[in-house]
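What follows is a single chain, given as structure tokens, in the form predicted alone.
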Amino acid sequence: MPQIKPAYKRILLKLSGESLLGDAPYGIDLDTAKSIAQEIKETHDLGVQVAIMIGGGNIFRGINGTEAGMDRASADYMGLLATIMNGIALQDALEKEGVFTRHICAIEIKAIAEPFIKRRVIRHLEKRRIVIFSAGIGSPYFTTDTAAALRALEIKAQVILKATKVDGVYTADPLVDKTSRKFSSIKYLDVIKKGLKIMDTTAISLCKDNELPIIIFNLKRRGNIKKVVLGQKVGTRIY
């Protein structure tokens, strides 16, 4: 039987910090990190060039600090530092699976990661290294969703895959409203007009202006990353 060719050559996978929680209330569950690394490796083994933008909500969310009275910039920088910890954990898990990686951090921290240099990052991808982006774009007030859109455009990724805990975009939160309806596909403008909180408006607008598709899917279903990359109908496509 001939091998099915991937639908994409280069992808950016957006992982939330919460994806590393597993069943823990806080922090990083190493078994969960291992499981995610195995799924990413399976996708990488198809010949796909993989870049990952990692969040930090499992450790600290800047918005939570702001709501508690912290200065917004200070809280956001703490959130960026949380993403670096997650980046280190994910890099370790991937390398234990035998994959070559590079950790690219938007905040200079030479002992741990490389700075973002566009041509160098693209070269890493071409050399079959998985690239992990941490610290967003290195500035407060910008979410890791926006950072994912920006980096995807810079490295010329063909799609953003956003891993979530639900299997797509719904008319309302399906974990709260059982009558909510799932979209198989939806336009960028409709996401903004309907106020659907799947990604922030800046990220959606960046993708819209540059015609970069986004696929929202459930990370908790084993094999979904590979299915999406192979072009199977999984989750919701934003176009």
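These figures come from a predicted structure and were not determined experimentally. Residue positions are given as counts along the sequence shown, with the first one as 1.
What follows is about the form predicted together with a small molecule, which we do not show.
Indicate whether the candidate residues T164, D167 and G235 are all in contact with the small molecule in the predicted bound form, with contact defined as any heavy atom within 4.5 Å.
So, no: the whole triplet misses the small molecule.
Which of 180-188, 22-30, 40-48, 58-66 lines the interface with the small molecule in the predicted bound form (heavy atom within 4.5 Å)
Every other range fails; the passing one is 58-66.
I'd like to know whether S16 contacts the small molecule in the predicted bound form, with contact meaning heavy atoms within 4.5 angstroms.
Heavy-atom contact with the small molecule at 4.5 Å: present for S16.
Quick check on L80: any heavy atom within 4.5 Å of the small molecule in the predicted bound form?
Although the small molecule is absent here, L80 would touch it in the predicted bound form, with heavy atoms inside 4.5 Å.
Closest heavy atom of F116 to the small molecule in the predicted bound form, within 4.5 Å or not?
No - in the predicted bound form, heavy atoms of F116 and the small molecule never come within 4.5 Å of each other.
Heavy atoms within 4.5 Å of the small molecule in the predicted bound form: does Q158 have any?
Answer no; every heavy atom of Q158 is more than 4.5 Å from the small molecule in the predicted bound form.
May I ask you to choose, among L153, I112, I137, V99, the residue with a heavy atom within 4.5 Å of the small molecule in the predicted bound form?
Flagged contact: I137.
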